[in-house]
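Take a look at this one chain, the form predicted on its own, written out in structure tokens.
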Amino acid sequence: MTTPLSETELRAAITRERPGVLADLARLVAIPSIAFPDFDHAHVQRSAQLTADLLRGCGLAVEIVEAGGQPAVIGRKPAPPGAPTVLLYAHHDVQPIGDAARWESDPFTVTERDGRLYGRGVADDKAGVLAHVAALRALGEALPVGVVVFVEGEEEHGSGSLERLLSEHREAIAADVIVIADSGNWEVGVPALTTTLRGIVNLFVELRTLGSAVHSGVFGGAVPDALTALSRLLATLHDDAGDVAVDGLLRRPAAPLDYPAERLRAEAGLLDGVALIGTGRLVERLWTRPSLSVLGIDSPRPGEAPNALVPSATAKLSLRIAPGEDPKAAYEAVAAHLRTNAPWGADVTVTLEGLGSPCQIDATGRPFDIARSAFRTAWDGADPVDIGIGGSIPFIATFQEMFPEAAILVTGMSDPYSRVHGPNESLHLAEFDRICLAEALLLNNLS
């Protein structure tokens, strides 16, 4: 059996590999691998190929696989006799950049400023890919466990083909421990294991009041326009305090952590004078209670709008649901609310776009103890905490169903200032060093 490396040897190895890892991270970020429709998916293919090359360089047998969606990469190295197998997950696709004018540097050119790297995907989740690579390079031939690296290519667009991929390659990717490197840490200097995540329900609501647009002067005052009616309908989704006002949605207690309001305001970039919404502890509002947001409204652009009553208007809504909630039941509750509260008899059509399950992880047992010890070492004695995440990673529930005996560790690549999914996404360099060391220690010590 392979002899585990010492902490000193692993620290030296991570330091040795750091320049190459950061250079490869920059190469991967330079590829605009956006899996959304209307984007060039040749870039996703390029990103998969580079990911495959990086894993081959770690001594893994690698294949690029598809199941009707974007390409994923699977790399494998068998376990020594008697040793466990660890599945390392990340994704190589990224979010669209949004408004390019809001970026302070080219989104696809890694730029360093004040100890952080900036670029789309530099944290979410190409840092996850390179954290796996860093740990494998550091351990080299001394790797004491089997590994399967699974790097998905369409996580940001809903993981539409993931379940088919997992089913088709189930035997090849079966593992005793699963490390999902796609979450965040509690704060800079404090590592975390994510143990709860909210689920997601995205839907459209279309409201109609007229067969076609009519003169706003001739008919205004007696005939309702769809945009005003939609505004009134959307306003019923929250009470005066800002809590979700849809009946039947689950609410749960959260971890016993204090999240100061001042910290939340700073991390969110909330404008002065704008109040926080909702009631109760902040960690519960963010992690274990429903939230309901209006993501967009389809209506005439203000500068192009004629003096006419709008006949129809559509909004996209995003509901985050508490761990333990049934996504289909949550969708039905929101749909019933929208139909019941339509103002002035307006016609309402609700359409489901997609849903994803929440999850809760029992973070007890030997793999979790080893992970927390690795965090404590990598963060120079800082105790790790268990956190929830208000966002959603629905495929974790799929892993739980397919591999019920595996310990699932959800680890963090980002921190509260990483601005994932927004402009100027960034990665804290010192935290990334700790992440790479922690993963190397975990793999080293799981044997």
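The structure presented is a predicted model; accordingly, all values stated were derived computationally and were not measured. One rule holds for the numbers: they count along the sequence shown, beginning at 1.
Note that the form predicted together with a small molecule isn't included here; everything after this is about it.
- Heavy atoms of every residue among D182, S414 and H421 are located within 4.5 Å of the small molecule in the predicted complex.
- Residue E156 is the only one of E156, D225, D243, D176 with a heavy atom lying within 4.5 Å of the small molecule in the predicted complex.
- Contact annotation: P384 falls outside 4.5 Å of the small molecule in the predicted complex, judged by heavy atom distances.
- Taking non-hydrogen atoms only, I389 approaches the small molecule to within 4.5 angstroms in the predicted complex.
- I74 falls outside the set of residues with a heavy atom inside 4.5 Å of the small molecule in the predicted complex.
- In the predicted complex, H92 stays away from the small molecule, with no heavy atom inside 4.5 Å.
- Segments offered: 59-67, 22-30, 393-401, 40-48. Contacting the small molecule in the predicted complex at heavy atom distances within 4.5 Å is 393-401.
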